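Listed next as structure tokens is one chain, alone, in the form predicted on its own.
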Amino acid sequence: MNILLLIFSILIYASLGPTNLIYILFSILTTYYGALHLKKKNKKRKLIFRMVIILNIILLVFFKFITYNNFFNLFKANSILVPLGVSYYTFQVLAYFIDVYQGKIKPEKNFFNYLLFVFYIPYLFIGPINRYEDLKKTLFKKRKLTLNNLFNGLLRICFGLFKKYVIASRIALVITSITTANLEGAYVLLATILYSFQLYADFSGGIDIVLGFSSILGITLQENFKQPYLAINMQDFWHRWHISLSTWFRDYVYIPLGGNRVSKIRQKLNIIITFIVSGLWHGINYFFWGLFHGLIVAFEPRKKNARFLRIAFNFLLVSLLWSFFIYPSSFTALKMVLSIFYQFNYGDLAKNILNLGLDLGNIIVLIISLISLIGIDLKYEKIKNWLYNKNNLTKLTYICFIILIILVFGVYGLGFNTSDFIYSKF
């Protein structure tokens, strides 16, 4: 099965741009053979480690800051093909390589296994960013296809598609109508709040599809979300949102900087630096997004007021910071957020609510869908365990029901494409 899975993954990846293979093979070969040489305790060990890390980071920086962002207009936007999933597979192989260097894991001798570890197509475009030590326990072993795994996986996939096509795609129509018209004030507040749900439904929906497909194959991947909008503060939020990325930055940036083993001032500086690097991982336009998150996590007071108020305040804060994702530049994002506090055009918003991309029927569908999503999130583990323990016929019934909802209420563009997911561009 693994041979077919590897061939399938390589063919799909190559079909999306043959030159993608050049860059991903560079990362694979440098980290694989570099790791094999790290077991030798000699003077070249540190040199090999530094060279492999620097070369892969330079390649990532090149694509993130020069090609993708057209940095200093040195290159035309489409002059160089940005390899798909470069941010995800680079972080994955670097984590493996660093862990080998630190003696946490032994280097993988089987090149076929290492290829599969990097090329496994479901998580290559959107994550989660997997650790070799965790993945080898489930990816390399012999597995059997079972009806139970099939239906559990299909349930997860259907839930992900529901989030994407019923919720995220519907909200996108509203946000597009607000941003294209350059509406300010109350409209910006509505856009940022709705975008929080759009991004969550889009990103977690994509992860649901990845985890569901993997479940069908008997492969267990780590969860990437844990009800993030129920966080009581920003630090708690980052323990729940894009968990694989936040733990990566914790282990390979924050802790090497000194973590919390240093003075209070230095610790806060380490937090800020880590979040700035996280912002730059998304792209140069997200520098201030990372900076503001770092400042908030470093200096936010530990509030003692009611839990609901803490959750509501944190959700509002996170939503306002998503403005850097909505608008094309940091300056525009800051300008639009500031307009919330001096343009009190809420009456105008109420009058024009039906002119923002959705009619009354679609608004009702969206509200019901969001309430359902929030309700499922509140009791996610209980609902998941209850559903997964049902017999396969019952599961099939729920699968058909969700598919029917998606077909009737889904909002579609040109069709399914990995680039349709917001976080695939990072």
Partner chain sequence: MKKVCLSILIIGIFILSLGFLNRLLSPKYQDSLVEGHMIKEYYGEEMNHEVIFLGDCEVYANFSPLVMYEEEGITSFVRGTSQQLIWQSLGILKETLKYETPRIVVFNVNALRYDKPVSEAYNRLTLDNMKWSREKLEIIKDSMLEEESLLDYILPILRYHSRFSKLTKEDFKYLFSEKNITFNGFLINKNIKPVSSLPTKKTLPNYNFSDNVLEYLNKITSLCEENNIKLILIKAPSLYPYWYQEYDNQIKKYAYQNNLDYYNFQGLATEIGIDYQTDTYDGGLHLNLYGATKLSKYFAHILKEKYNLTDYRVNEEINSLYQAKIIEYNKAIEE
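Residue numbers count along the first chain shown, from 1. Small disclaimer: the values here were computed from a predicted structure and weren't measured.
A second form of this protein, the form predicted together with its partner chain, is not displayed here; the remarks below concern that form.
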Query raised in the report: In terms of non-hydrogen atoms within 4.5 angstroms, which of the given stretches 358 to 366, 382 to 390, 50 to 58, 27 to 35 touches its partner chain in the model of the complex?
Result: 358 to 366
Query raised in the report: Does Arg131 reach its partner chain in the model of the complex, with heavy atoms at most 4.5 Å apart?
Result: no
**Report entry** Contact label in the model of the complex: Thr397 to its partner chain, heavy atom within 4.5 Å
**Finding:** yes
Query raised in the report: Applying a 4.5 Å heavy atom distance criterion, does His282 contact its partner chain in the model of the complex?
Result: no
Query raised in the report: Quick one: is Ile403 in contact with its partner chain in the model of the complex, heavy atoms, 4.5 Å cut-off?
Result: yes
